[in-house]
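We give structure tokens for two forms of one protein chain below, kept apart as structure 1 and structure 2.
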Structure 1
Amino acid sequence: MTDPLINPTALSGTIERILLADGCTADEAQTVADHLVLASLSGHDSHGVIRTMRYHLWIADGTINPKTPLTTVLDNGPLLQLDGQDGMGQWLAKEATARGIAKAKETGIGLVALRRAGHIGRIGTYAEQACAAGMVSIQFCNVNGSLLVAPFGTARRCAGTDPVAVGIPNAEGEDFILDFATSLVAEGKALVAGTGGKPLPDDALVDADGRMTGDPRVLYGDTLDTGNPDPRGGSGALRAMGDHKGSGLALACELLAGALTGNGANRPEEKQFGNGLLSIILDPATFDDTGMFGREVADYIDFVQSSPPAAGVGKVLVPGDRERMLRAERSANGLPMPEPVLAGILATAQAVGLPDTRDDLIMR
């Protein structure tokens, strides 16, 4: 049976109403709902609407807290140090990015250190926000309290799936949006494999004895059989991407977005979940004394995209292309959603007293 196709606007409305019922402000509810739907439309289902159920539970147990303001720890020249106090992550990161953009417009650079944010979702969103304002940006993120990844050469969890993003505006075409987790595969993909879905590559995980494997059981242990697999349940780990180079980037995220922001770097002890984000936002207009930046970006992206494809590759893409293509296709035809995810969202809506909107959500 094929997955039902969901109307993204109606889905965003349902998630927004769940979050309002859970105590979010109107702005928080709309920001988080729109973020999740856009992540799903962009093909990042692991960071999309599937998170609705988890956020509902996290609000109930105090892991994340609606109506928590973004507080300023330091505002000094281009530097901003902000504390999210475990509030609604996507709303906090959007506000933090907006403040960084304002700094960059004033001085050419905004350097924003955000700590203790609830889950901020798809990091590329903030690179896109900066690009929309004409800004270059670099984001390092750590996931404190989510120890899942073994760095290169180890058989021990030492890091989160810590993502990195780079956004470069392209005034004459599509923006460059690089955005990826520094683990070889996202935890969501291990979950899919562990529950009967697409298998993982043979080197995606490492067991406690240091042997590479594609078996998700080393991550979840016996919780894989419980219906509620817990990635803390196993004795192995996800592996960092890109051998020593990608692994070094994961450690840099722990140090820059964890240690430097004050969010904290991962350790074996139980910790409160929290994203740390170090964003460097640059106004190219300040740097571009030659006036070449816009032309160079457009020409360079064209140069790469027009390269002859390697064997087996249909079309050469640059970072950001895949998300844009999927977004266009899914916005037009509907968001494919596995029935258990749809059922989970509807059950959450019902739990907060909302009517069943299944018929409004399904396009076909």
Structure 2
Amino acid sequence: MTDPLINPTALSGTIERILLADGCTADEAQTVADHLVLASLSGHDSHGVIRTMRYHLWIADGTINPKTPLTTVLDNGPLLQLDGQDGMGQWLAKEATARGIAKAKETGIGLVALRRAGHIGRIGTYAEQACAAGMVSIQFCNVNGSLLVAPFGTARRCAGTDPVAVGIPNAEGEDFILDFATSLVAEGKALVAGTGGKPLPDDALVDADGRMTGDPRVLYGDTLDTGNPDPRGGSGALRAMGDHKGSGLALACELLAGALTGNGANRPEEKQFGNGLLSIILDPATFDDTGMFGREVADYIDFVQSSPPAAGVGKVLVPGDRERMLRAERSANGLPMPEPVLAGILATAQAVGLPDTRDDLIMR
């Protein structure tokens, strides 16, 4: 069966109304809904609208708390340390990034340590936000209270999916946006696979005995048969990307975005979920004494993209290209969505008293 094609604007409106009913402010609801839809449009379905049902449940049980502002722990020159108090993650991270950009415009650099944020979603969004302001950015993220990943050489969960992002503005073309989880696949991609979406690679996970598998059930267990699959429900784990190198980067995220920010690194015991984010935001104008930064960025990206493609490759891409192409195609033609995900969003809408909007969501 072909996945239904969903109208992105209508979908964002439905998710926004769910979040408003759940107690979010208008700004929070719009920010989170737009973030989720944009992530799905960009091909990051794992951090997109499939999260709607989980956020609804997390708000209900107090894992994340609407109407919770950022508090400032440290504001010293270019340094900012912020506490999200388990609020709505995308809204908190957007605001933290804006404050970091303001610092960079003042001093050349803004270094922002954000702790105790609810799920902040696709961190490439914040690299895009910085690029839109003309800033270079580097983000390290940890996911405390979310032991999902077995580092290289282990068969035990010791880390979160702990993503990294780098954004470099290109004034003469498309920005360089590098965004990846340090697990071989993001947890949300396992969730997508387990709910009727694209299957996982055969080596994406390990079972409790350390054997590689692509079966999401080793992560979710029998909760995969419920309306709310829980990645703590299985005895297996996601694998870290890149063998020992990827594992090293994942552990660095735990220490930089977890230990240094005050969010906390993962432990064996159950902990409150929370994202920690360490963002380094740089104003190129401060460092560009030769006046060559913009030209160098554009020329190098052109150099790479003009290289002859390898066998079987149709077009040479750089980080950010695939997301932009998918975003354009899905915005024009509709967002493909597995039926179980659509059903989950509609059921959540009905649970908060909204009418059935299926006919409005599906593109004709």
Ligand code: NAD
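Please read these numbers as outputs of a predicted model, since none were measured by experiment. Residue numbering: structure 1 sequence, from 1. The term rigid core refers to the maximal set of C-alpha atoms that superpose within 1.5 Å between the two forms.
Structure 1 is taken from the form predicted together with the named molecule, while structure 2 is not. Fitting the two forms on the rigid core leaves the C-alpha of Pro169 displaced by under 2 angstroms between the two structures.
Shown in the overlay between the two structures, fitted on the rigid core, is a CA shift at Asp288 smaller than 2 Å. When the rigid core is held fixed, the Cα atom of Val206 travels 2 angstroms or more between the two structures. Per-residue C-alpha deviation between the two structures, core superposed: Pro216, 4.1 Å.
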